[in-house]
Structure formats: structure tokens, C-alpha cells
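Below you'll find only one chain, the form predicted alone, shown as C-alpha cells.
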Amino acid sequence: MSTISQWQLRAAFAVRLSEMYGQEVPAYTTLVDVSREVNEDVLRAQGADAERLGSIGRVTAERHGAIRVGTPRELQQVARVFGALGMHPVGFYDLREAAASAVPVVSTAFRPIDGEELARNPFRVFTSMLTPADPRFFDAGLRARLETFLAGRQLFPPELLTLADRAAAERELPEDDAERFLRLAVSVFELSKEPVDRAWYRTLEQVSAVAADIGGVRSTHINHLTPRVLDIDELYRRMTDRGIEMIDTIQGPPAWKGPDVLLRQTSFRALAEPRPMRAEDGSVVGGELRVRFGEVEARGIALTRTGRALYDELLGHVDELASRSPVESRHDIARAVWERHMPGSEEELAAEGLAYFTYRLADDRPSDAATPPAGLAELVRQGWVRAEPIVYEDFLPRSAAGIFQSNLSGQGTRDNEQTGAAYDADWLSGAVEREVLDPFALYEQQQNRSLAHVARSLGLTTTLR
């Protein structure tokens, strides 16, 4: 019997999840169609430059999903399921601190980490966990009720977890077992038809719509699936022209004349979906909830720690200027700030150590008889070496919180007189029973491996920087 490798499982899972979500949320299919149209138009207009940050095949197939769970136990089980697909937890995101409204979750993203695996299929899932221990959102009584409720549910069937552990250990599954794994895994994230306890859901919704979505039901589901687009501003216009209501802004860096960095995101607004509700007298009545939306993203170059510090500094500057000029477009303010302070070319980003690149020997470099110049900058300037940008594979807490916030039905409640419960990457690593990886370290390793290869190929004895 033939076997299915981890990357093939990952690719198949992404496709099936996309098909399922498109059936549940038809506007998502529209989003995918418009993304494909925009990508094809950009490719025709720009040619090879359009594939500077990934082949069109990769970009078209690319998805990231978002799910929410309630407990460390559920998060650890999620890690086992995604581990079967060759996906690792990368990055720690505290959305409690990134949003003005009540978003009581901490998050990580499960994704491939090897360059070859990312090229095969870069599927990633932004995974958030509720924080009942945080007294800013949950008093002692509500916390106890919530933790009891969460402890009494099972999101992932034992058979799925057994197959997941086997796939992770063997890095493949026999074809029949792979089919069973995929069916079970996709079904976990389907929207449940079980009636929602209306009173309990509304109790949590007063604290946070996100808390209600996680802890107010006995299942989990895909909150959104996100295609990747090469021109997010054009997509925003086309979706609006089709009558799809978009959120007010595109989150992340502004559109400007310089290189794309990090991540830009937007979405259509959460849709009212019919859900059966269990009333206080035990009867089942019709209702609707607004928790799922359609997100889209445009990915740019990964920034170094120094580059990220500059990005955060510029965001703060934009906030300050926007507060002084409430009538001026925030986007116009941001673009002006970027054009004053952000390097306007890839070459400048590389020279100032603000972004990550891989380096390779140029095909048309000087002959082997020539002596290569000293230093990376001169090797690039004189045409010995080519710098290729590393695509940003991760997320921005403020942008993620902005997307969540833009799709909430209310602001919720938050008691800032209380001290928040402490969560960090080390805590999260313990919860998932595997190391939560540092995205900066992953990009740096990728860059350093390419530099070491160039140095060896040129016979250099010094480390290139």
C-alpha cells in the first residue's frame, strides 16, 4: 500500500478545509476567486517581479487558518494534530495587550519551518487559547464556571490523536490511514449543529465575543481561512465593488512606493450565521451568531529585530500624528511616515541590517580567476552575489487583534485595575509540550546558512556579514 508523506497530508488538509469552509461561508469562495483574479493580473503586469516573494503556484495555494481553543490540554492536542502535518508552534502573541477591546487570548502559529517544506506547502494555522485565569476579564466565579465547562468537553477524538502521533513519528501514513486522519481532522473544524446554550453564551459575550466563541460552545471551528494576494489594495476595491462589506482598514504597513515588509491583512465582516439556540426553558429556538469572517493577506519581507523595532517605532509615531490630526486619513499619515523613515529599497534594507535575505552566487559573476572583494556588501554591489528576500511567514499581534476587533459585535468588558495573568513563550512551550520557536531565530538561521554556503563556494575563510 502506498504512503502519504507529511507535506502531502498538509496540502490535502489545507485543500479539504478550504472546500469545507467555502461550503459553510460562500463569501469565502468569492474571496478566493477575487484573490486569484488579482494575482493573475499582477503576474501579467509585472512578470517575474511578481514572484519575488514566492512562485505564483505557492502564492495561489497558500492559506492560513485561524482556530480558537479553551485550555492548555486542548492546545496540546492541537499541537499533536498539526505535528502530524509537519507544523511546529512558532511565535508567541499576546492579543490581550494588542487590542483596546476585550480579546482575552494568547496565541501561537503552527507552520512548517524548513524552507523546502514551506515551498511545498506553506499552510499555517494561527491558534488562540482563552485565558480564564486573567482577572481583568473573568472574576473568580465566572472563571470557575468557565473552567468547569471547558473541562467537560472533548474537541479531538482519541482515534484522531492516535493517528496524528503515528504520522508525526513516522513522517507519513499508509493511504487508508491518511484518508481516515484527514476526514477526522476536517470534521473537528466544521461548524457544529449542536444547540448553543443561549444564556451561557450571552454571559460570556458580555465579557468578550471571542470568549463566547471559544467557551460558549462545546466544539471548535475554523474562524477564517486566508488566501494570499499580491495586491491587497486592488482586492479590497474589487470585493467592495462586488457588494461584500469589508472592514474599515487594511491592517499592517501602509501601501507605499518602497518594498513590502512583514504582513498586510484585511477581511470581510463577520457574517450572521444561523445557529440553533437552547433557551432557558430547554426548548431549541432559532438564532444567529457573528463570529466567522473572511481574511486575506499580502506578505512582504521578514524584518530583523532591528527592523521590527523600527516598524514598531513608526507605528507609534503614526498613532501620535493621527491623534493630533483626526480628520486626516491614517493611511496617508502612515505612508508619509514610511517614506521619511523606512529605507526605500531592498538594497538599503540589507545594508542597514533591517531585513532578512538569502544569498547565492550570481550566475553571471566574474570568472573564478578573479579575486572576490572583501565583505558581503561589496560582493553584492559588484555582482558576485545575489540577495533574495526571505518572505515573512508569521504574524503581527496588533494586526491580528485589529482584525479580531473589527469583527466583534461589541467591545466587551475589561477591568484594568486588576493585574493580568502572566503568560509567555516559555509557559506556552510547557502547555504544548514542545518548544515554541522564535521566528527571528528561524529567519536568521536561514540567512546564515546561505552566507556560509557562499563563503565556502568562494573559498573564503572569514564569516560573511
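The first residue of the shown sequence is 1; numbering continues from there. In this text, all values refer to a predicted model and were calculated from it rather than measured experimentally.
The protein also exists as the form predicted together with 2-oxoadipic acid; that form is not presented, and the subsequent description refers to it.
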{"item": "Touches 2-oxoadipic acid in the predicted bound form: residue 74 (any heavy atom, 4.5 Å)", "value": "no"}
{"item": "is_contact(residue 267, 2-oxoadipic acid) in the predicted bound form, heavy atom dist at most 4.5 Å", "value": "no"}
{"item": "Proximity of residue 224 to 2-oxoadipic acid in the predicted bound form, heavy atoms at 4.5 Å", "value": "yes"}
{"item": "In the predicted bound form, residue 31 touching 2-oxoadipic acid (heavy atom, 4.5 Å)", "value": "no"}
{"item": "Per-stretch contact check against 2-oxoadipic acid in the predicted bound form, the hit in 46-54, 427-435, 396-404, 412-420 (non-hydrogen atom, 4.5 angstroms)", "value": "396-404"}
{"item": "Listed residue that, although 2-oxoadipic acid is not shown, lies within 4.5 Å of it in the predicted bound form (heavy atoms), from 236, 126, 392, 82", "value": "126"}
{"item": "Contact residue in the predicted bound form, chosen from 293, 356, 359, 189 - any heavy atom within 4.5 Å of 2-oxoadipic acid", "value": "293"}
{"item": "Those residues of 322-345 which, in the predicted bound form, come within 4.5 Å of 2-oxoadipic acid by heavy atom", "value": "none"}
